[in-house]
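Taking the form predicted alone, here's one chain by itself in structure tokens.
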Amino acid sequence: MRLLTHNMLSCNIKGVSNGFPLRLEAEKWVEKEVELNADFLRGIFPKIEWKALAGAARAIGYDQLPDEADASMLDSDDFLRRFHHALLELHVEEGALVCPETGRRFPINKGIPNMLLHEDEV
């Protein structure tokens, strides 16, 4: 699971009002090289919840993202490389996503987060 995916997921358990961001508990992750596409990064940047991305990156040991970011930083090649690496090249293979409100754990196996809800959570 890429951190891009993590940034788009939330806990949808019935009655949960604070289901984002999910806390990332990574047990295994890998780096997979992907060609940098600056236009894609500039286009996706406004859709990214930055604090969630930076926090997830730190959870797997990548501390090269600033705590806050704004669109003016997209002019920096160094910032684009770091943003690209965190967003698209870090893949969580095993671990869990944890709802910030209920503590419900959603497992990540072989890079796929299982966000299926139990019958009583729907």
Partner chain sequence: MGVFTFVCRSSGADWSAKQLTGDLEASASSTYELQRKLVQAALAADSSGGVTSSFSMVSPCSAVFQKETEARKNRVMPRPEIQAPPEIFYNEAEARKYTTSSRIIEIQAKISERALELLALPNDGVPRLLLDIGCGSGLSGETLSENGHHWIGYDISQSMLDVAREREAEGDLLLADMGQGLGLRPGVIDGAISISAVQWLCYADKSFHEPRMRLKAFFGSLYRCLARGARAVLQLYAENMYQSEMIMTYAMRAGFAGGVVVDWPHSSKARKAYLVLTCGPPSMQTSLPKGKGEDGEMCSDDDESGDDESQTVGIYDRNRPRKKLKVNKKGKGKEWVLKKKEQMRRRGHDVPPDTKYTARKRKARF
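All values reported here derive from a predicted model rather than from experimental measurement. Positions refer to the first chain, counted from 1.
One more form of this protein should be noted, the form predicted in complex with the partner chain, which is absent from this view; the next part is about it.
Heavy atoms of every residue among Glu49, Glu93 and Gly111 are located within 4.5 Å of the partner chain in the predicted complex. In the predicted complex, the partner chain stays beyond 4.5 Å of every heavy atom belonging to Tyr62. In the predicted complex, no heavy atom of Ala26 sits within 4.5 Å of the partner chain. None of the heavy atoms of Phe79 is located within 4.5 Å of the partner chain in the predicted complex. Put simply, Ser10 is close to the partner chain in the predicted complex: some heavy atom of it is within 4.5 Å. Contacts between stretch 73-89 and the partner chain, counted in the predicted complex as any heavy atom lying within 4.5 Å, involve Leu88 alone.
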